[in-house]
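As structure tokens, one chain now follows by itself in the form predicted alone.
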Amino acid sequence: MWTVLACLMPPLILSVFIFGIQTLIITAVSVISCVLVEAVSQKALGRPITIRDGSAALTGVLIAFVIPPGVSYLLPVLGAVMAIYIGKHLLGGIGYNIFNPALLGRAFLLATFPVAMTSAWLPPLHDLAIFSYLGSGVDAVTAATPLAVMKEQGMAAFTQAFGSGAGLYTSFFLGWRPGCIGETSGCMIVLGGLYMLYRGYITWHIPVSVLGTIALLSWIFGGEALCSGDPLLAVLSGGALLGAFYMANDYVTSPTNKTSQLIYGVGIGALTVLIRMKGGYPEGICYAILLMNPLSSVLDSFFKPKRFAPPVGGDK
């Protein structure tokens, strides 16, 4: 848990530089709220207090990472109550929750405060000269997220707001775009994910299947004609990278069998693209993961390796 938290610190630091100190305050409020709710819940339910294991702090960081940087400080507090008390401890505590607690908290906030959760975006505070050099035309003139502009106003408005070319991909990969606190910097998210892969905390099956499916289906169906979409833009926009590396790989709510993980990831990717294209919200990975969470144990049971008993009375 603490290693994963350490991997999330570079995106947080960059977010503070891009959006301002309020992102650090929101994250601190979220972490403190989750730890306090964890301790109070365990005390009230007669369970050992385990706030030192880092799970509550990690949930707090992830809740902050999936909410806009301009929301009221009350929202992460309410999200912590939903995630920790209802989504985690009322379902049996750590190791027994069906849904990812952080995403359950976000879904609750999105349903309860839809205006704040879909409009409290902030433009980057700083411009980078590299974008002009690359000829992207990137200019922080809008505080709407790229997916929202693309879905509600079309690609012409998207190009006018965010530009095009190599500079567009560079700015999105580095994090210079409106979005949730921890989802904008693809570079920092991928670096942390690669480190977790190197340490063996996660495997490649879920992130590759999630991102590969999003890229493939966005290329096929995401353009004006078949096979004319932009797969790289689909992966770099929104919370696809954060969800693939940090949310979908939650130990409790994801499958353990490798085949199950691949199918699980494909399901998340397909649902993400479906919600992005046909749903009411421009981003879909939160609900996609939550919808696939209950199926993880089913997939593991279905693809459980068969046991072969040794022969009776014969040669081994």
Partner chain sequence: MRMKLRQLILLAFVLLLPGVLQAADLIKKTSFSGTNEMKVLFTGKVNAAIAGDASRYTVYEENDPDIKLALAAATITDEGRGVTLKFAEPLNSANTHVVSIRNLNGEGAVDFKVSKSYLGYLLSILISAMLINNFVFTKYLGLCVFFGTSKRKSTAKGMGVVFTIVMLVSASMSWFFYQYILIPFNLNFLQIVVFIGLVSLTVQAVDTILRKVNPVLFNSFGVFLVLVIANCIIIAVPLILANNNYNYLETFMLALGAGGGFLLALYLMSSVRERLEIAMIPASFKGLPIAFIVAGQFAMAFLGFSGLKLF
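Residue numbers count along the first chain shown, from 1. Nothing here was measured: the structure is a model prediction, and the numbers come from that model.
Although not depicted, the form predicted in complex with its partner chain is the subject of the following passage.
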TL;DR on 211 to 219, 88 to 96, 168 to 176, 185 to 193: the one with heavy atoms within 4.5 Å of its partner chain in the predicted bound form is 88 to 96
Worksheet item: Is Val298 a contact residue for its partner chain in the predicted bound form, using a 4.5 Å heavy atom cut-off?
Response: yes
Consider Phe17 of the chain shown here, and say whether it contacts its partner chain in the predicted bound form, taking contact as heavy atoms within 4.5 Å. no
Quick check on Gly279: any heavy atom within 4.5 Å of its partner chain in the predicted bound form?
yes
| With a 4.5 Å heavy atom cut-off, would you call Lys43 a contact of its partner chain in the predicted bound form? | no
Exactly one of Leu290, Ala270, Ala57, Ala28 comes within 4.5 Å of its partner chain in the predicted bound form through a heavy atom, and that residue is Leu290
Residue within 4.5 Å of its partner chain in the predicted bound form by heavy atom, from Leu125, Ala157, Ala111, Cys227, is Ala111
Applying a 4.5 angstroms cut-off on non-hydrogen atoms, the residues of 245 to 277 near its partner chain in the predicted bound form are Val252, Leu271, Leu274, Ile275
